[in-house]
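This document starts with one chain, in the form predicted on its own, laid out as structure tokens.
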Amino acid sequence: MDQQQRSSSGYSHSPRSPSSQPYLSVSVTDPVKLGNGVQAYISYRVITKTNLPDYQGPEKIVIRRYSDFVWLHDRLFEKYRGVFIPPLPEKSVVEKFRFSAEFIEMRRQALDVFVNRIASHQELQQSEDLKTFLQAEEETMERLRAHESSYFKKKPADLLQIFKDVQSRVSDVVLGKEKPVEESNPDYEKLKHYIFELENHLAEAQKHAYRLVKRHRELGQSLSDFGKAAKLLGACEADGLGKALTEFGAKSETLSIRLQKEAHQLLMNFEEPLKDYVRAVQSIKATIAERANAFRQQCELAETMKLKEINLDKLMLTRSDRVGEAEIEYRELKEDSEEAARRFESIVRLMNEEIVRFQDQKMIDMGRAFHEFAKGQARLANNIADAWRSLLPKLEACFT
């Protein structure tokens, strides 16, 4: 994927800058299938170029597999509450598509976008886990994955189920099916409503983009089949009609190739960016769930602290022997409550910053994706019109 395509996918990485300017450039390249059967997987070369002092050198090349990217995603999600962690592409559960050339390229491109979103993010680019991911040897990464908690050891299907459960809980909160303690913030309610609407509309647009890709491919295949039939028909004719029909068939086959190429461009530059933003919105929803949990914890601790305070006052009035123990419990609970409040405030602050960044980048990426779509369709229409127009004189000569 070239530089322009990377940028069009959103959250583009830092350009290769002069050494006087700090830069961090990452490329995910060279997918290779390793292993056989159910043990088969794709490995990628991850190339990092940087002048940042925290890195081992100006260039580092490591080999990574999909589960390493999952490790990085999950580590960041655990540590950076309130930050919209860039989404990963789904892991194909359909065996026949897992190792198709098109799927592998789509996966590579999506992983490249994922890691560069992190590398270009002001907070996430400072993560020690990112530095480990970009520099550690394969054996080290394997040990790190093996030592993670049971949450991270779960299979991708389990992780997907966990994420669906989180989405379901957030949906229940938004739709009022559950009535937990919630913050009454009009701006926050507006944000939640917007995110859920955005996901629905993006998913609908992506569904129709998929249909457009399918239509281009089907039309291309139909033109190819029709072109072969026209050439066979032309071979039966010895006069000018035969030559015209043969050329007609050849033009049909040429246009078929162009349609297939345009379908691929439409897939990579239009449908995939839309699908990527559906995943990005789902990441935002996961952060919304974290914010809701943090708010509930803060409220529950504050309420418990009030009860402890009342109990402590009663014990002091009765000069109970348990006053000392109760005071210790109250101080510990107060510390936990203050920490919960700080954690919630941090999530709110980060989310406010993140949504501004998300909106700005979305405007750029969506504008570019739809521009690429319109440009591609205009180019294809011109190619088709020119091809058929060039045949008109020869076909007219057959009946004049």
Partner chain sequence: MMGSENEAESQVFASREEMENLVLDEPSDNTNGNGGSKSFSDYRSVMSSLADAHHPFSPPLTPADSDPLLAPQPYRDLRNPSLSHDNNNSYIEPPAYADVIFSPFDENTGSEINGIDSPGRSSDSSLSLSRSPSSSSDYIKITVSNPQKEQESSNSLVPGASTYVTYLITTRTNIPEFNGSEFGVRRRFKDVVTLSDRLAEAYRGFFIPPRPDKSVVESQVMQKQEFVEQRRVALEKYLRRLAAHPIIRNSDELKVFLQVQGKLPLATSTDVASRMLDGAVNLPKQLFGEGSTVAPQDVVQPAKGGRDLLRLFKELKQSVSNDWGGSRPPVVEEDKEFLEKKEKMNVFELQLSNASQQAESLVKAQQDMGETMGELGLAFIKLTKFENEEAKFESQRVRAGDMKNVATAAVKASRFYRELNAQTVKHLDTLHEYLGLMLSVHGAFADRSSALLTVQTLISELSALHTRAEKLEAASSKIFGGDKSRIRRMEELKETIRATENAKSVAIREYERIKENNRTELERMETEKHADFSNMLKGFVLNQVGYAEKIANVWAKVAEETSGYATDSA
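Numbering follows the first chain given and starts at 1. Everything quoted here is computed from the prediction, not taken from an experiment.
The form predicted together with its partner chain exists for this protein as well; it is not shown, and the discussion that follows is about that form.
- Heavy atoms within 4.5 Å of its partner chain in the predicted complex map, among the stretches 47-55, 357-365, 331-339, 64-72, onto 357-365 alone.
- When its partner chain is considered in the predicted complex, Trp388 lines it closely, a heavy atom lying within 4.5 Å.
- A residue is said to contact a partner when one of its heavy atoms sits within 4.5 Å of a partner heavy atom; Phe133 fails this definition for its partner chain in the predicted complex, lying far away.
- Using a 4.5 angstroms limit between non-hydrogen atoms, Leu34 is distant from its partner chain in the predicted complex.
- Proximity of Lys306 to its partner chain in the predicted complex: non-hydrogen atoms within 4.5 Å are absent; the residue sits far from the partner.
- Only one of Val323, Ala250, Leu241, Leu144 comes within 4.5 Å of its partner chain in the predicted complex through a heavy atom, and that residue is Leu241.
- In summary, among the residues Leu301, Leu76, Leu267, Leu274, the only one with a non-hydrogen atom within 4.5 Å of its partner chain in the predicted complex is Leu274.
- Applying a 4.5 Å heavy atom cutoff to its partner chain in the predicted complex picks out Ala381, Asn382, Ile384, Ala385, Trp388, Arg389, Leu391, Leu392, Pro393, Leu395, Glu396 from 380-398, in order along the sequence.
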